[in-house]
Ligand code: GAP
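The chain that follows stands alone, in the form predicted on its own, written as structure tokens.
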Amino acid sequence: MFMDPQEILSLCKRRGFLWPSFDIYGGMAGMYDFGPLGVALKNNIENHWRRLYVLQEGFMELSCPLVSPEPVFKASGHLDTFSDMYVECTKCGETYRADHLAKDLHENPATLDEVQLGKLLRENGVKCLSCKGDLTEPKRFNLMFKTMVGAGKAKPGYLRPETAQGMFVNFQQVYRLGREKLPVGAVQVGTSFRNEISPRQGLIRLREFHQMEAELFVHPDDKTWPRFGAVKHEKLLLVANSGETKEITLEQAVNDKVIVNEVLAYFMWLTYRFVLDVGLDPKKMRFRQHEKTEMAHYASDCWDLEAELGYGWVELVGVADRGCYDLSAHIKHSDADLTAFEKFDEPKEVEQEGVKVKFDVMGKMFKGDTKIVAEALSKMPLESLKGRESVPVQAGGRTHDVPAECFEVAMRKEKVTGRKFVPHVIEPAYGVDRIAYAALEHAYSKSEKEDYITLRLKGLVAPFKAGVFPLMAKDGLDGIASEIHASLSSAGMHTYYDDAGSIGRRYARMDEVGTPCCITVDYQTKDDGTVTVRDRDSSEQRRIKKENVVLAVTRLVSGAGLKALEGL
């Protein structure tokens, strides 16, 4: 059934999940404030993600600055390639993202260049959605927010468009803390920024958004995973770029090279498990492989986990094998050593690239410093020496500018005990806001006959775990209810105390914000010490002893159902 996103957004605004940012000043497109319930929902999603990646898989969590210096994004390629195409109405000046206007005209308009996309829009008579005016030809627009860092001799910087680069530039620290063994992983949860051309889809396309990203550094010749065997018989629905769609086991997908290696397959499965844990509907989920024309030039494989929403199929998570592109790019631009070392069991005679110093040329230039400059030069990453007219070399406490005629990078035979190499990266990148919205939409249930809304959120992510009500706010019932509320809070559960209105209306308020259960203290409680527990999804009720409320709520939040309360 088609779901109108405006229904969800209306509920979110009314109940304190989301509010349009700066609403009293007319708002700002692509920005939302998370209200109290939205913050709780988002935090619950992020904390469960940490349980999987940090506690279960052993990744290290980092927290890096939101602003990065310009060289970081020159190295990463964002300055040159991080752009979308837009068109502008020649009559009213409204701007649109060009590929979004063509979404019904081409299977994947994001794969088209400016000329192809412009031709497609012209041939189909696409006009301004506001005034029906003519549109300009598509133009490229860099999506990063630029700023200046410092006063006086300020330097350009950019708000990060992703959290990934902070983990790449810290690779050596992560590698060292991992006892210089691979695989080793880092994660970061935080805010990113993209100056979207025309954000018009609620939480789906934002200018300031939240990400959970993981970077797993692996040996290029070993992309196996120790826990793959435990999940290899699990099935995923895959939409391959060959055009074939099928549900297939992870083992078969890897053996048939549908998924390029088992590390990527494992983290695709972990991604699927995560979204099921937070309450997404498995019937509305799929993995779509990037088209060959859509695939980043450095990626050997990339799959998007997509959810079917009122907006159509929407990407929630991207899981990619990025090869050695990221670390190699930062090595080239920073001259830093971002390599790992592999020790051989026995020394080997190998032919490999190395630095050959031309001492006759270097000696004339550097005189007495020749030896220390040559030694420092020979230890530098080879990638940082290739294709350069000159190389800055740190030696003897100062920087020496060494021209390319002083050395060459050439193949040579030598006996070695090990080798340096640039690790490959497997990257699962999650969009928190989109996942939160998808959880809300998939949980949304409305009884048209009674106009009654229930959010069937998983207890894991529900903002409130229980509502606690005294039947009447008098005769000591409110005191007992307050004690139960305090006991649940002490157990680490976020609960809601409410003594206003009829019990039916209080139940309805809790159902509408996704609270899994409610506890009601009535006059029978004073007689026999029992309370009523109501289950949100079935509306059924059970009486239990009040001292067992914490255990009962724990079981209901885990999804066990009312049967799990027998004997309490």
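In case it trips you up, residue 1 is the first one in the sequence shown, and so on. Only a predicted model underlies this, so the values are computations on that prediction, with no experimental measurement involved.
This next part talks about the form predicted together with the named molecule, which is not shown.
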The stretch from 318 to 326, 115 to 123, 266 to 274, 240 to 248 that lies within 4.5 Å of the named molecule in the model of the complex, judged by heavy atoms, is 318 to 326
Applying a 4.5 Å heavy atom distance criterion, does Q211 contact the named molecule in the model of the complex?
yes
Does any part of R434 reach within 4.5 Å of the named molecule in the model of the complex? Heavy atoms only, please.
yes
Is Y430 close to the named molecule in the model of the complex, meaning a heavy atom pair under 4.5 Å apart or at it?
yes
So in the model of the complex, does any heavy atom of E162 sit within 4.5 Å of the named molecule?
yes
Note which of I259, A186, V468, L203 lies within 4.5 Å of the named molecule in the model of the complex, where distance is taken over heavy atoms; exactly one does.
L203
Y496, Y311, F421, Y298 - the one with a heavy atom within 4.5 Å of the named molecule in the model of the complex
Y298
